[in-house]
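One chain comes next, on its own, written as structure tokens: the form predicted on its own.
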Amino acid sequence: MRKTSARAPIGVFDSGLGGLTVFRALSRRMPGESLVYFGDTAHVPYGSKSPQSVARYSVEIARFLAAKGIKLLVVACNTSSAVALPAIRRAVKIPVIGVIEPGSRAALAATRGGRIGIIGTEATVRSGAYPQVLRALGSRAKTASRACPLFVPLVEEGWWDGQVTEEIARRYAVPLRRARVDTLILGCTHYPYLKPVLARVMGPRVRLIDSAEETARRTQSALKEAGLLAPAGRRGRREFYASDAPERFKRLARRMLGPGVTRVRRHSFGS
């Protein structure tokens, strides 16, 4: 990191729109930082793919963003963070931050009774990444996990609320309610789009944990420790890339981030 300019951008990627929740948190916390976002819309969702495919896509994107001169990479995808982080770190010579440890720390700070629920893609839940990190952090909390494979397609379609979305959420919530969880980790960066629905389904006593804010704090701390925070008083630039259907991505990204999303470039790779 010492040879990198503080003016260099931060790279952020996800399988699609989900990582924009992290992008937004980074923008709000560090408005002077330039950000480059990549949404792998050609291969979304990652949760139903094999670990080998997820690792291959993730490494391709990491190398593409590294070639853009980024100073740090945020893997704003729980599935990639769960199964591909070692491969990504071997592939690029810049610091890499995932979203699972920040989300786990936030959940431990929030839980009152030590009953933590985890919802995520099939791959993230199957990996056991969240329970493993929670144990590594010294937690003895009881966990209950539930794969929610329909949530990512709903978000990518822009169906963030409504009767169909709520009925699916209620069905997914049954084992979590039976487990009496008091804290629920939204273990996919797409899921914060569904917060109003999930809050209704889980009830007011369950705290919803979105890793975006904690990941933004972790990123800021890493840059500060390395002396690489962007100079004060500047406004960072924003760049967006998608591997397919950039106009559709732009339309939904503007719904999330506002009219500042003026251009999304297409960059395809792999098969």
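Numbering starts at 1 and follows the sequence shown. The shown structure was predicted, so the numbers you read here are calculated from the model rather than taken from an experiment.
Missing here is the form predicted in complex with D-glutamic acid (DGL); even so, the following discussion is about that form.
This chain is drawn without D-glutamic acid (DGL); in the predicted complex, the residue among A62, V36, V44, A212 with a heavy atom within 4.5 Å of it is V44. Screening 234-242, 28-36, 219-227, 46-54 for residues having heavy atoms within 4.5 Å of D-glutamic acid (DGL) in the predicted complex returns a single hit, 46-54. In the predicted complex, D-glutamic acid (DGL) lies within 4.5 Å of some heavy atom of V152. At a distance threshold of 4.5 angstroms between non-hydrogen atoms, I116 is out of contact with D-glutamic acid (DGL) in the predicted complex. Within this chain, V74 is remote from the site of D-glutamic acid (DGL) in the predicted complex, having no heavy atom within 4.5 Å. Although the partner is absent here, C188 sits close enough that one of its heavy atoms falls within 4.5 Å of D-glutamic acid (DGL) in the predicted complex.
Along 69-89, these residues reach a heavy atom to within 4.5 Å of D-glutamic acid (DGL) in the predicted complex: C77, N78, T79.
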